[in-house]
Structures are given as structure tokens and as C-alpha cells.
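First comes one chain, alone, set out as C-alpha cells in the form predicted on its own.
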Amino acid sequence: MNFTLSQVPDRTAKPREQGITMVMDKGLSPREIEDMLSISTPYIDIVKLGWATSFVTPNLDEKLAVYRSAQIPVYFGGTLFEAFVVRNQFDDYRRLLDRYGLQYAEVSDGSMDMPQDVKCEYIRTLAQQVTVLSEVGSKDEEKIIPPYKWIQLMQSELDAGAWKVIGEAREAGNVGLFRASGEVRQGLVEEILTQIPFDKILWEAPQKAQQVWFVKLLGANVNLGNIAPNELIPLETIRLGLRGDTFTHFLDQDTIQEWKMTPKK
């Protein structure tokens, strides 16, 4: 950090198991990635190439090499996994991971119906090859999954070998964990947390208000994903109580009271 301030929460050090920030790359060029990394590398833990953007991205090898040079792991979005599976090309997908030297993969069923036992079998298989992130929740805003089902799905996927389970929100933050307005389904999140350890969940939270809500609930080292490249520095200030939304959240009450009692000039 550039300055010294008291009462700033401690952040976990990379490589992190909690306090993870996952970046959503929707089509950055190698040069744009270099620009992002020049300022934000300390705050990026993992990058997702959104949905199936990797299929149409020119110079994919070059792009992955830029991330690799900064020791930042990358994975293909879950929609690409689903696109291979629905075409009965799962073995091709596994070869693709090796072809590009990826160490992570996302398993999801947000765009297609997949029996839970089948999904867990894909997780078990891929977990022998790479580190698996498993996404829970539908991309269909009309499909409401009750809390007990979220818990059941998350636990079964962790048991199958997922490193983290991802709470679905899409890149806009308006489905799954959130209402169409972007408002957090607070009761859902709180009920999930009664059964699933918070460090095992990566919450997709692309909107500032959502990030603030999770930091206030779970602290500076909550796992957050689908963060836009230009929101990396702003998110870190939210985590540290250095933006108006969380400004007093990490200060002790004596400090706040002393300030209120101090005569102002």
C-alpha cells in the first residue's frame, strides 16, 4: 500500500483460499490485459474468459500467455463446457484444457438441464485433471431455486471434488442470487451460509451495491467474482473500508465517537 492507515482490515496474501477476486474477461485484447495487469495484478486471483468467448477470440494462445506471465490462472466460462457436453464432446473438452495448459475448469448447468448426479460425475472426472469451480444456479430469471436446494446442490458438488462453488448471477448480476433489479436475495444467502462454509463459495457480484453488501456481511476476505477489469481497484477500496459505502464499517466505535466529540474548526 502507498500509505499507512490504522484500522484497515488485513487482506489474505496470494495465492488465496479466501478473499478471492475473480475477473470477468469478456474479450480483452492482449494489450488491454497488459494495461490491466500493470495496475491490478495484486488484486486479481483468477480470470474467467466469459461464457464461450474463448471460442471466437483471435490469438487465444497469445492472450493466455500474457496472463501466464503474471502467474494468474485462467479458465473458460461454464457455458463453453456446456456447449461441448450438449454435443457429446466432453472428451474433446478435456483435450482442449490440456491443449491450452489450463489448470482450472468450470462446470455449470445454467444454460441446459443436467441431472445432478451427471453434473457431479463431470466434476469428479475433471477434478482428476484440473482444479474445478462448480457453478450453482440458473441463468433463467424465471427459474427460482429454493434455499434448501441451493444448499443441497452446493454440498454435493463440493463432495464431488469442486474446489469452490460459484453462486450464479450472470455478468449483469440480475439472476440467481439476485432479483432482476440487482437486489440481493438476502434470505437465500443467509440460509446458504448456515450450511456451506463461506470460504468455499465464490459469489458472483458484478454490481457495486452487491459487492458492498457481501463485504459488510462477510468481511474484507469474502470471495467475489464476475468483477469487471475497471472495477478491480474500486473493489479493493470497498474491501478495505476506503470508499464511502464501507467507510465506517471497519472502524472501531471509539474512533467514531472521538471524531464526533472533537471540536471542528
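This structure is a prediction, so every number in the text was calculated from the model and none was measured. Quick note: we count residues from 1 along the sequence shown, nothing fancier.
Just so it is clear, the following notes concern the form predicted in complex with a further copy of the same chain, a form of the same protein that is not shown.
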item: Location of a further copy of the same chain contact in the predicted bound form, chosen stretch of 187-195, 149-157, 111-119, 125-133 [non-hydrogen atom, 4.5 Å]; value: 111-119
item: Interface membership of residue 243, a further copy of the same chain in the predicted bound form, 4.5 Å heavy atom rule; value: yes
item: Contact label in the predicted bound form: residue 60 to a further copy of the same chain, heavy atom within 4.5 Å; value: yes
item: Any non-hydrogen atom of residue 45 within 4.5 angstroms of a further copy of the same chain in the predicted bound form; value: no
item: Contact label in the predicted bound form: residue 222 to a further copy of the same chain, heavy atom within 4.5 Å; value: no
item: Contacts with a further copy of the same chain in the predicted bound form, stretch 4-24 (heavy atom within 4.5 Å); value: 4, 5, 6, 7, 8
